[in-house]
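Next comes just one chain, in structure tokens: the form predicted alone.
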């Protein structure tokens, strides 16, 4: 007999802490037993019982081409036949670096890591080593991985679980991180006036995706660039989510603002564990072995991740003119969903930028973490389960982003809207 999700979760709980290897997968904020995935193809994901869903989680963003793209799988299989890890340089690492450096002008040198957390952690260490300063600034609701310095008032699973920080982070280290309201350049200006000569870095998601999708307001990022440049503070864009999501390049390409350092991940690995840190030559060359700031990783630049990433980026490069069609499909989905919610008298604020969106269950607007937290999470949980029952796979948290891939079709959108209509009738 096929084991139930309850059986699988119970078995996992006996050997895995909390039964999951990343907290949001446990469905604490929406309730119920998490569904175990079996396989996926294109815009569809299938659970362990064989049920099919249209997937808007996409492994939390990386699967921009859809699941199991044949060219990516072929590149991965070809690489695996040669060996899965060498602990030595490979040409694939150079090819990946060339692709990224040619596409994102602010990245003159790059260092591969195995996760976005590693990239952000290294960025902060590098900024401190480069400037000789210790304080850093982040923004409430922005998530930059679970490194100690960055887990203060973070988004993603931390917000989902209602955890303001985390035990295990010494007060002395937490005191070196200032967290300011997102979209509030005035708060940054005051912080720089007070702490300017102590500030090593400001790190920001240029489009927040971990308190739900929150776009930067007009002038916010430009002001960050101006203030940090004037103060000699390193500006770090965390583009782990946004890198290659909206166009072939970073969000920084679209807005014409160049940070000093950029963190990448997700899409550049084609679905495999990956991260990258890149930026100005004079800063990046402070990393060992050319400099004195140490960073290392046994699996950094792993040949499987590089092969899958190169294949993904080359496909995206060939589709550079198709990003707008993907964005249009997301626009249709969000506009029509908004009509359905309004027709049922349910207050929602839908934030969308290109192929990335969040439905907040509240009037809105949602421009920062405090606004996002006003959402009706109980209603979201009911909506989540209703959509799941009707074949739609959404994030098990109000405070996450939804994504469309190039594999999603107009028929997928129609089916999603039909599922939404059915779900709302039952709410």
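Positions refer to the first chain, counted from 1. Keep in mind that this is a model prediction, so the values were computed, not measured.
Separately, the form predicted together with a small molecule exists; it is not shown, and the next lines address it.
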Non-hydrogen atom contact residue 260 with the small molecule in the predicted bound form at 4.5 angstroms: no
Would residue 60 sit within 4.5 Å of the small molecule in the predicted bound form, counting heavy atoms only? yes
Is residue 24 close enough to the small molecule in the predicted bound form to count, meaning some heavy atom within 4.5 Å? yes
Please check if residue 240 has a heavy atom lying within 4.5 Å of any heavy atom of the small molecule in the predicted bound form. yes
The one residue among 130, 182, 143, 244 placing a heavy atom within 4.5 Å of the small molecule in the predicted bound form is 143
Assert contact residue (the small molecule, in the predicted bound form, non-hydrogen atom within 4.5 Å, options 252, 228, 115, 90) equals 115
Pick the stretch from 339-347, 69-77, 202-210, 280-288 whose residues have a heavy atom within 4.5 Å of the small molecule in the predicted bound form. 202-210
